[in-house]
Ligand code: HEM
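Take a look at this single chain in structure tokens; it is the form predicted on its own.
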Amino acid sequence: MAGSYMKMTISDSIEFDDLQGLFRFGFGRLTETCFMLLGIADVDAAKQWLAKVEPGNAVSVAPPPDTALQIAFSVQGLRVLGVRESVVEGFSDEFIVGMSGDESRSRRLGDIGDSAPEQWDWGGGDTEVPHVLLMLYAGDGKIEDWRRSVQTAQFSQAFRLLRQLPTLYIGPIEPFGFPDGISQPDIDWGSEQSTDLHERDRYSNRLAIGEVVLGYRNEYGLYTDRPLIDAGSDADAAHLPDAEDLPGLKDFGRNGSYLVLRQLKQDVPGFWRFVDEAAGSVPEARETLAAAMVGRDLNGRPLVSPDTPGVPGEGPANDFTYDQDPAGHRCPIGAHIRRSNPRNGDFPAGVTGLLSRLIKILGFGQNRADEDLIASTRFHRLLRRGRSYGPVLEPEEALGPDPPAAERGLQFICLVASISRQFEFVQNAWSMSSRFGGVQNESDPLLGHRAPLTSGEPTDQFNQQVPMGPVRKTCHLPRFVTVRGGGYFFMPGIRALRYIAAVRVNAGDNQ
């Protein structure tokens, strides 16, 4: 695969005016949100509305707008709107089949037991499949007026509201109380960083554009497969951008991305009660165990680098690796943030020359279990854009005799160019796997489902490696996070959105 290591010497031209703004901005300053799952009630009315809607783009303006609208479609929605089957077939199998459409996929994602799709509130079982995901963002106190302005008479004729997902801004933390949104890849908008492993075999937080946005080179120096259209056979495609790798074709995917959405219910009282009991109800020990499970303390400082400021905007909270902690003595190998982003390069620390690389590739020279190679992080990064829901519950309140009852959790959203290589790999191989980096019989301490292996061996434990003495085990972890719904969507570029609005229903795909 010689093309995998092509150096990016010329910056690709990023069409920010064709890119929905969620990629670049995240709209963090717009603290109020409304996420709507829609069914298409009237195709013609839907197309008319889509032809006029103005999603916020990725062009930087000052001052930034007080509201934003972003839109994505399920494969069923694209079909209902008349996108040709030959175009749909250009999408990945994961998108076409769907998050809940395959029992094997559900098992790999950890969607079993109470998190099985037949138990979901939406997106699985007998629930109606959403066609459209509409995401509205607004400043404080402005979301209701923004929502009403969007839900015009034509909108109401075009769409049926299947479900409005709960969201609530609780500050820069997630419901368990730990700072969130700290670890994000830095998108290489200028295509300045080489993908040649000989030039960058160490971890870098900078990520090729094509790992998030379709139609650009990814970390292999290649273009991810996406729908391409022959404009000669489809007049509606004339205004789509040309494919960079195949200039004779129009690129329906360019400036778009796959959007993964999962509603994750978090048992906040259950989490703090468990760690309190496991720590003998000693407050300092309780916080220490909780931080070990997460990989950061309650101030957001990474355990592997405790002197690093952790709160977003107050220091390099994301500027560290695990190279100096290979055995997990400071940050346990199985900690949530270590599983989610191992922060490794193409080769582990200490591998510098050709011979040492060859030894590692062939699997020789390993003396400890923690020397097992973990897949290079740069091929599996996610751009997260989620929002929390439910009121804040402080640990002290959670441990009280009658904590305030409310459902709390996260509307997990990530943007990826490859659902299988990015989201599904991280979820399956790193988060849900009972083996990771040399540890065994445990999964992600926050996200894991705790189901035993087929051999009957338990996975409901969390191991902390210590410099001297046996591994410190915490056993009988319950499930803290349950999936309540989910789906795979395509968030198109704005020109592709206009194509969807213009394409003729039943235009003839099988001719």
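The model shown is predicted, which means the values in this text are computed figures rather than measured ones. Just count from 1 along the sequence shown to find any residue number.
The form predicted together with the ligand exists for this protein as well; it is not shown, and the discussion that follows is about that form.
This chain is drawn without the ligand; in the predicted complex, the residue among K250, R286, R84, R381 with a heavy atom within 4.5 Å of it is R381. Checked against the ligand in the predicted complex, the candidates S183, S194, Q151, S305 yield a single residue with a heavy atom inside 4.5 Å, and that residue is S183. Among residues of the shown chain, H131 is not one whose heavy atoms approach the ligand to within 4.5 Å in the predicted complex. Looking at F423, you'd find a heavy atom of it within 4.5 angstroms of the ligand in the predicted complex. In the predicted complex, S340 approaches the ligand with a heavy atom inside 4.5 Å. In the predicted complex, the ligand sits within 4.5 Å of a heavy atom of P179. The stretch in contact with the ligand in the predicted complex, judged by heavy atoms within 4.5 Å, is 264-272, chosen from 131-139, 97-105, 264-272, 236-244. The partner is not shown here, but in the predicted complex the stretch 474-489 reaches within 4.5 angstroms of the ligand through a heavy atom at V481 alone.
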